[in-house]
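Shown next as structure tokens: one chain only, the form predicted alone.
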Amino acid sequence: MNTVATLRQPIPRRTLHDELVDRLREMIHVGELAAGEKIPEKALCEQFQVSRTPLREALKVLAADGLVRLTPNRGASVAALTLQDLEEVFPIIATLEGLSGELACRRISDPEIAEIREMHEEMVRRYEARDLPEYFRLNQAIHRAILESAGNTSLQSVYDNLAGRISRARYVANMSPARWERAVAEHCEILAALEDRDGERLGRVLREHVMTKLATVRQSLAEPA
């Protein structure tokens, strides 16, 4: 799978806005648009075969998520990851994910668990193939499926308002081989607790899983470039 080639394909007109947001977000996640870098709007318009207006609307969405910084008269740039932001948001996300796990175990159906298991097994295959972008997509889909299985729209709304601010950090946290291996092991624990419908255990594992990512990102930010 050639992720960069996929990102460079023309945008289908029927889903223009969502496709633009998703592709720009993915380019930031994988580092094709690097932190602190000015976003080349003209080049992206040519690459995606779109006008400036939909591109700028997509950038506004990413700015609201904390991935892009909009500066008057200077355009858009990729927001830098700051330790202060991560220290503030990660513990909240960990608490929300833990709560979603506890609630999900009370109401999740067998077919929903089976679907999550399928995603998990495919995620492991992507890990074995060292396909980080697809691994990360499936990883986040699993977290999202557990969140939605909790059946609490208020919880989802609060989560969504914060998750964008740390999504890139969660991607970076899986970059080292040792951390990536550990993340897969943690996801095996998540699946086991979910299949046992052990809400207390799943909540604890999810909280620890998220906070371990914070420790990894904290370490990577402290390392010299």
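Since we're looking at a predicted model, the values are computed, not measured. Each form is matched to the other, and the largest set of C-alpha atoms that superpose within 1.5 Å is called the rigid core. Note that residue numbering follows the sequence shown and begins at 1.
The same protein also exists as the form predicted together with the DNA; that form is not shown, yet it is the one meant from here on.
Although the partner is absent from the chain shown here, L16, E41 and P72 each have a heavy atom within 4.5 Å of the DNA in the predicted complex. A single residue from the set V50, V184, V30, V68 has any heavy atom within 4.5 angstroms of the DNA in the predicted complex; that residue is V50. The closest heavy atom approach of R197 to the DNA in the predicted complex falls outside 4.5 Å. The DNA in the predicted complex comes within 4.5 Å of no heavy atom belonging to G164. The stretch that touches the DNA in the predicted complex, counting heavy atoms within 4.5 Å, is 41-49, out of 41-49, 152-160, 22-30, 185-193. L70 shows a C-alpha shift of 2 Å or greater between this form and the one not shown [criterion: core-superposed Cα displacement of 2 Å]. After superposition on the rigid core, the Cα atom of V184 is displaced by less than 2 Å between this form and the one not shown. In the predicted complex, the Cα positions of L44 and N161 lie at least 3 Å nearer to each other than in the form displayed. CA of V158 to CA of L20: closer by 3 Å or more in the predicted complex than in the shown form.
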